[in-house]
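Let's start with one chain on its own, the form predicted alone, as structure tokens.
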């Protein structure tokens, strides 16, 4: 069974937005521009998730969820010992994409900050949802793990979309080139139970050594 949740606006972290925008400090001009972007972006955002709980079994690098099976050593390690998995898709909606496209022509600086706002907002939504799942089930959860992390193929998106059908539930679609629309969206696996690991960063499960955010997430 696929369920949906709609959330109120999570608290905004301007420090995170600046980090996503690669702004090391906030001078007066940057702060004022970010303020203007937030005033324009926040009212048009939505916070929606669709999800389902699935059985899981790992065998070496194979992860079997009943509905589909993937091969990933790092996902298998992340889920080792779990009692099941929650598979979810989350989005903050299409209106932000429209703002970004508009300001991409009019103000590249604004477009950059709007991109960063979207990144911070979808991460905040995922954090709220994962905490919600843990509280509802009274069980610890593993750090979320998305297609494209580490050795988990991006093509796993097609399996996730086939199972969750997020286009029906939250208006999230997947192109032939595996790009999601709206762009500020996430799909992920969340392991339930098992030996707990820190939930603050996926960096330990990712082999992308040249990532700009490695060690600072």
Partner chain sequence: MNFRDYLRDHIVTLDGGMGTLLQAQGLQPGERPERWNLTKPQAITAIHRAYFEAGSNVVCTNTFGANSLHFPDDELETIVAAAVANAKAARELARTDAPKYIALDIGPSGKLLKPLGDLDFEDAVRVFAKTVALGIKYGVDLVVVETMNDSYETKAALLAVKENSDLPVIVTNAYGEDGKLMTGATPEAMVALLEGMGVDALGANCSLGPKQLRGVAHRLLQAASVPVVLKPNAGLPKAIDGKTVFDVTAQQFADEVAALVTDGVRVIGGCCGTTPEYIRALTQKTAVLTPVPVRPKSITAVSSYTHAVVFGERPILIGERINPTGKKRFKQALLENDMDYILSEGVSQQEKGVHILDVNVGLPDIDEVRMLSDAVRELQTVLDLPLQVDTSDTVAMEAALRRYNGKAMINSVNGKEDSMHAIFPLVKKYGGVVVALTLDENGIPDTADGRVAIAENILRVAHEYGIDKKDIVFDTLALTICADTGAAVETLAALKRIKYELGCHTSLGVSNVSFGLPNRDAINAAFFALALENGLSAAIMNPFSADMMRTYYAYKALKGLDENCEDYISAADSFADAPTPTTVVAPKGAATYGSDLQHAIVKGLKDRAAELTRARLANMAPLDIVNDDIIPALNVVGKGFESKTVYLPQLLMSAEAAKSAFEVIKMAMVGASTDAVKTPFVLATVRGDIHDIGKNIVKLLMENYGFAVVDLGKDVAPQAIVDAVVAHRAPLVGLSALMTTTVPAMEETIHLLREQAPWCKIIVGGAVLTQDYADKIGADRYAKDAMECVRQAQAMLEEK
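The model shown is predicted, which means the values in this text are computed figures rather than measured ones. Positions refer to the first chain, counted from 1.
A second form of this protein, the form predicted in complex with its partner chain, is not displayed here; the remarks below concern that form.
Among heavy atoms of residue 123, none comes within 4.5 Å of its partner chain in the predicted complex. Contact between residue 95 and its partner chain in the predicted complex is found at the 4.5 Å heavy atom cutoff. Taking non-hydrogen atoms only, residue 59 never approaches its partner chain to within 4.5 angstroms in the predicted complex. Taking the partner from elsewhere, residue 115 is found to have a heavy atom lying within 4.5 Å of its partner chain in the predicted complex.
Of the residues 170, 37, 190, 152, just one reaches its partner chain in the predicted complex with a heavy atom at 4.5 Å or closer; this is 170.
Contact annotation for 52-76: residues with any non-hydrogen atom within 4.5 angstroms of its partner chain in the predicted complex are 54, 67, listed in sequence order.
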